[in-house]
Structures are given as structure tokens and as C-alpha cells.
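Single chain ahead, written as C-alpha cells, the form predicted alone.
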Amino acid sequence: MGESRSKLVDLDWLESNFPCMQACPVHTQAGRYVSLIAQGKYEEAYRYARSPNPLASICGRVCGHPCETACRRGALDSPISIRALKRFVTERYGPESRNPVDVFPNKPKITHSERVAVIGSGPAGLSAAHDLALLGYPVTIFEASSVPGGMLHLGIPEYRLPRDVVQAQIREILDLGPELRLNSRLGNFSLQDLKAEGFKAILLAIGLHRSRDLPIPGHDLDGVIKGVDFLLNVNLGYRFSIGKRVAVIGGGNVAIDVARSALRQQQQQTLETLTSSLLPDSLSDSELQVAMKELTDVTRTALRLGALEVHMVCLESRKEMPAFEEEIEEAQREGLTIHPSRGPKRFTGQNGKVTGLETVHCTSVFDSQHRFNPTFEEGTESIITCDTVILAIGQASDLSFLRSEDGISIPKR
């Protein structure tokens, strides 16, 4: 018999053999909670999913699930549906459930005297406040808006992320001790003011709330609007009138959210118009239900027949689009028309109002050094008739609050 051998491995080597865990930004033990779910140990599975992740309930719905891309099962047939399984256990035991499990039953005590200010209550700010509270630091979150959550509330549509889930997750984090100050925009007060108030550390988690501009002819026409502005208004419940033919520029997930929200906004506006103009003033409850059912059916039929249109224009080819494939397919099922490998050339207009978007064929998006440098084929111009154009071509931070005395340098990106 050969000599028996044993092999010692370190933690790094061991963890490298769990690609799903390594792909997760917070290194959630996905394989562990998936196995526990298979064994019917749902509560224990939830604890493994939640412990490293302050936003587990939200990630179970809108996470980009890089763990699934790395899942070894995908080499055989298809990856394990890790995100869906996380949602399964959070709906049973998360803060939004009827039987929430308190992963940290003993409220952390403040053991440090240094106060920390977190600017922004989006995912980054909430996660930082959560972890700082567990470490025993007194934390104050400053939020410019009237609602917490950042783009969880202001950017992601309600149909993708229910607001009660966001509120429950934030409430769970605040229960650990952080203070939340709403309607507190950095700019109305300065970083120096925070230091004078006694904060020893300041985290800027301000997000990307400024849409990028598209400086092509006609960009100042009425009806050319920015994607973030559109989503902010829709998600805060403000009435935002858009036309019957909408063009969305962009190929990422934000562009998909904008396009699908536009479809829903159009449907709601049409329903309101038909309701106010077609229904009699007085109907019994049963008559109203029948009338509204018929009205809804007629409206949806009209939508399917093309009475209202939403077009999406993107530089990338259909296979290159950066948006998640499932999002693209769902949007197409809802009636979105996609124009891949097309770039915007100019906006056409009449009497100061946009009437169309002229596009040209995009032959390539990146150059040989993989830098963003789109090239176009002249003579392939065509116009999409529209009365609203929504730009969803990327976002940036609004850094107008910075002052020279703050001593903060801004890198190129």
C-alpha cells in the first residue's frame, strides 16, 4: 500500500473553491443557505443569507446576482437560482415578513465616543451605518430627500421593488441605533459645519443622482428629458405627463427601468383620460366595477395594437446590451420596441417641441484598446417619430457642495 498523505489547506485556498461566495460582493455563503433550504432548514438558511448582508431582503429582489454567473452548476445545465432562493427565505423571516427573525437580538451598545456622519441613505450609506452601529459607533445619516433609501426608493420602480420591503429593511437598520435626518441636503450645510458639530469622520455616500447630458442638435427642445428626473418624479408619486410616442436612449438597466415605467405611465394616463371622459357621473358600485373592467380591457387592447409606443435606442448590438437579459425580455413582452446598434444623431422638432429622434447605424462601440469610442456609418440615418425623448445614458454625482476649504480632490472618474 502506498503511504497515506494528508494535505493542509489555508482559508484562502478553501474559499477560492466556492466561486459563488467569492463572486458575491459581501461574500455571502450562498452554497450554505441553498443547501439548508434543500434540507428544509429555512430559518437557519435566512440567518446565513442575512448575517453578512444588511440589505438581504432587497437583494432577493433586485440584486445583479453575480453568484449565479459564477455558479458551477451553470457548466452542466443552468445555475442555481440563488437570488430567488434568497427571496424565498427573506419573505418567510425577513423584516418584511409576518415572522421576522432578529439576527442581532441584542441591540449594540455605543462603545466609542467618536461620532460618524453618513451622507446619503442609499445602499452604501445604509450598509455603512449598519456596520458602524454593530461596531459600537454613534452614527447619524443625513438624507437630502424626504424619504430614505436613495435609488432604492427614488430610482427603482415599485413593480420591481415594493416600497414596504424597502421601508422594513431600513427600519431594521435604524433599530440598531443610527439616527436619520431627512430633508438634510449637503450644500445647505457644509462639511466644516459637520466637523464643528463634533463629527470625527464623514462618509460621502451621495450616489449618482445627476443624469449625463447628450449635447447633440436639438437637445434643448421641449420634450427631451433626463431619465433620473423621470424616475424621481414617478417614484415620488408626482404626475409626470409624457407623450404617446416615447423614445428612450440607452441600453442599460436604468434605460430598461425608464422604458418600462414609461409604458406604465402611459397606460395610467390613458386610463385616467378615458375614465374622466367616458364614464357617467353616477354609477352603482357593481356597475362601476363592470365599466372599469371593460375600460381596462379596451385600454390594454389599444396598447397592444400600438396606440401608444415606447422605443429604446442603444449603441450596442442586441447581444452586447449591458442590461440584464431577463429585464430586456420582460420589457419586450410588455411592448417595448428595441433598436440596437443605433446611435442618436439629432433631435428634430417643430415650434420648440421635439417631434423625432434621428439615429444612425453604430458599427462598433469600443475601439481596439477597449475604450468607449463609437463609430457610425454615414448614410444610414433614419428618424423615429416621437413626442418625448428620455435620456438614460449614464449618471454622475452632484459634487456642487464641495468647497475649496474641504480639501477633497476629485479623480477623473
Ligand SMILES: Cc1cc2nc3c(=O)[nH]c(=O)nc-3n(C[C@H](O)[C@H](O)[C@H](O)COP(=O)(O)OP(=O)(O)OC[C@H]3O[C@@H](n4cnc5c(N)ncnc54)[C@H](O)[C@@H]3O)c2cc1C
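All residue numbers are counted from 1 along the displayed sequence. Nothing here was measured: the structure is a model prediction, and the numbers come from that model.
One more form of this protein should be noted, the form predicted in complex with the named molecule, which is absent from this view; the next part is about it.
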Which residue among 144, 263, 101, 214 has a heavy atom within 4.5 angstroms of the named molecule in the predicted bound form?
-> 144
Contacting member of 122, 343, 178, 95, with respect to the named molecule in the predicted bound form [4.5 Å, heavy atom] = 122
All of 19, 29 and 80 within 4.5 Å of the named molecule in the predicted bound form, heavy atom check = no
Contact test in the predicted bound form: residue 257 vs the named molecule, heavy atoms, 4.5 Å = yes
Is there a heavy atom of residue 207 lying 4.5 Å or less from a heavy atom of the named molecule in the predicted bound form?
-> yes
With heavy atoms only and a cut-off of 4.5 Å, decide whether residue 184 touches the named molecule in the predicted bound form.
-> yes
May I ask you to state whether residue 360 is within 4.5 Å of the named molecule in the predicted bound form, using heavy atom distances?
-> no
Quick one: find which of 152-160, 242-250, 104-112, 217-225 has residues within 4.5 Å of the named molecule in the predicted bound form by heavy atom distance.
-> 152-160
Would you give me the residues of 212-244 that have any heavy atom within 4.5 Å of the named molecule in the predicted bound form, in order from first to last?
-> 231
